[in-house]
Every structure is written in C-alpha cells, then in structure tokens.
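A single chain, nothing else alongside it, follows as structure tokens in the form predicted on its own.
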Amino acid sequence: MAAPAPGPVAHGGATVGTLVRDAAARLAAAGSGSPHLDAELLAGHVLGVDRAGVFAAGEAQVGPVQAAAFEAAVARREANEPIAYIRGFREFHGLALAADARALIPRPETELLVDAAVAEVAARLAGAPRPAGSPPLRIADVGTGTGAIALAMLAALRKRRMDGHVMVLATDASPEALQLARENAAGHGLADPARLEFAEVDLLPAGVSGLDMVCANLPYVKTADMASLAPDLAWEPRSALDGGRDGLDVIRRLLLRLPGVLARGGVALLEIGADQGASIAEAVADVLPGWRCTVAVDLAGLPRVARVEYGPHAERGPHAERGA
C-alpha cells in the first residue's frame, strides 16, 4: 500500500524539529535534492536564526504566526522556487546579497572568479610603487546581475585598504538587474561613485578603453541543455543562462571587444562551464590569435575561470570589432 503523500506542516503546538522533519519529507517528495537543508534554511529564515539556532530550538514550540509563515515558505519551495528568492537574499563571498527574479542568483562557483580578481589587483598594486596621483586601476564587471562580483571584489579590497586604488564599472543590459545591483551596493556601503559606476548597456559602453581588467559571469549554458536544468533554474532569467549553441555565444562577443577595451597588460577573467575548458581556449585562439588563455579549476578540479590576456605576439582577431 502506498504511503500517504506528505501534507501541510502542522501548526498549533508543533515543535521546530517536527516542522523541519515534516517539511523535509514534503520537499523530498517534491524532488528537492537537499530537502533537509532546504527545510532548515526556511525555518531559520522564519525564526530569524541560523541553522545552528534551528537545531538548538528543536524542542521549542512554534506559534501560529510563525508556523503559517513557514508553511507558506515550504509551499513556495515545493513549487521549485529557489531558496534565495524565498528568503530574499543569498550569501556570497561573505556578503548577504538581496536576490530576486530580477537577476541570476550568485553561486559559490563564482567566488573563485572574485578571488582571482582580488589577487590580480593585489599583485598589480604590490608591484612597482605607484606615483602619487596615479589613476586607479579600471575594472569592468560585465553582466553584473545582483552586483555580486563587483561588490564582493570591492568589499575584499576594502578590507585590504586597496579599494581606493580601483574604479569598477558594473554593466548589465537589464535595467531591473542594475537596480538590484544598486540596492545591494547601497546595502553594503559600497555605493561610492568614486569607486563604482553602473551602466545599462549590452556588454560594454561604446568607446570605453584602457581597462586593466574585465570580469564576467556571462551566460554559458548550451541552449540544448536548458530544458534539462534543475527545475528551480526555471525561475531565474533565461537571458542570464542561455549561452547559445555551444554555450559561448555571449562570451565570444565579449572576446571580440577585448582588443579595443583592454589596456596593454590588461586581462579578462571569465567564468565558464565545467565542460568548456577546451572550447574556451579554442574560441580565444580563433578570435584573438596570439593571446594567452589559461583556465583555473575549482575545488572539484573542474574548469571554472578562464584568464585571457595579451600575448607577446597578440593580434586583433580576424573578426574583432574595429574602433571598439
């Protein structure tokens, strides 16, 4: 005889532990890959505590208002809505960033790109002494979304007292995403126009040049793979995920811009898919003959961040934009 389907979480007099267990059963039945974690995160969100607090409060009873709020959150997760959208934020590189349907949810994989960018800036600033009055390093975060890369980088540099030596241009084609990024910048005390600018534009503004670094987490999912993605990804902007036939359509368009926008010695740091280590190297070789492309792997040993820079015999690619 089949087991009855999990029902709504209990309300009156239920303990935190009971609510979490019942919710985890429901979420497992709904297909969540991490039902207990999801239930704990939602309970913590409703109760205003972290996961340790949820565990510590296991035998505490939950009032009807909190139980109803938890029920509503669990129902949203059953419909595959991302946890970050339900809670309204996502932790990223030590920052709690507001997250909603206006932009792609920041993910841990992108923290590797932030680390690489911070290391790049630190290495440049730790080199030959910069004369007084030197202009700041100019950095672009292309397709900023929530502002995750730009803001995490600035926050990390602020801790090192290096933020005064950089100017970041955060761009996005979506005005809604840019507004979310501005809100996150303000929320973390990083909305300083002397350090951070925003631009609503496809990739980069016309005429921009002399950039020391370009960072980007652009769409890199192959169109053919979109239908097989996890159900919760359907809630996120398709334009932030679909990278075309081979997943590199948008990234390739950015590569075409690099000769016109990077200063000599400039670099681009690009997040890529775990199966795109070879294909990004081929794309760079095709579009930017003589340029170097190296790929850093993540903690799982998978390709994650491509570093693209002028080589000693760099040329403009055969398809590169003129006068970009």
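Residue positions are given as counts along the sequence shown, with the first one as 1. Only a predicted model underlies this, so the values are computations on that prediction, with no experimental measurement involved.
Keep in mind the form predicted together with glutamine is missing from the figure; the text below concerns it.
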Q. Looking at Ala199, Ala101, Met162, Leu233, which has any heavy atom no more than 4.5 Å from glutamine in the predicted bound form?
A. Leu233
Q: Note which of Asp225, Asp115, Glu109, Glu78 lies within 4.5 Å of glutamine in the predicted bound form, where distance is taken over heavy atoms; exactly one does.
A: Glu109
Q. Out of 154 to 162, 101 to 109, 202 to 210, 81 to 89, where are the residues with a heavy atom within 4.5 Å of glutamine in the predicted bound form?
A. 101 to 109
Q | Leu178 within 4.5 Å of glutamine in the predicted bound form, heavy atoms | A | no
Q) So in the predicted bound form, does any heavy atom of Val221 sit within 4.5 Å of glutamine? A) yes
Q.
Using a 4.5 angstroms cut-off on non-hydrogen atoms, would Glu271 count as touching glutamine in the predicted bound form?
A. yes
Q. Does any heavy atom of Ala191 come within 4.5 Å of a heavy atom of glutamine in the predicted bound form?
A. no
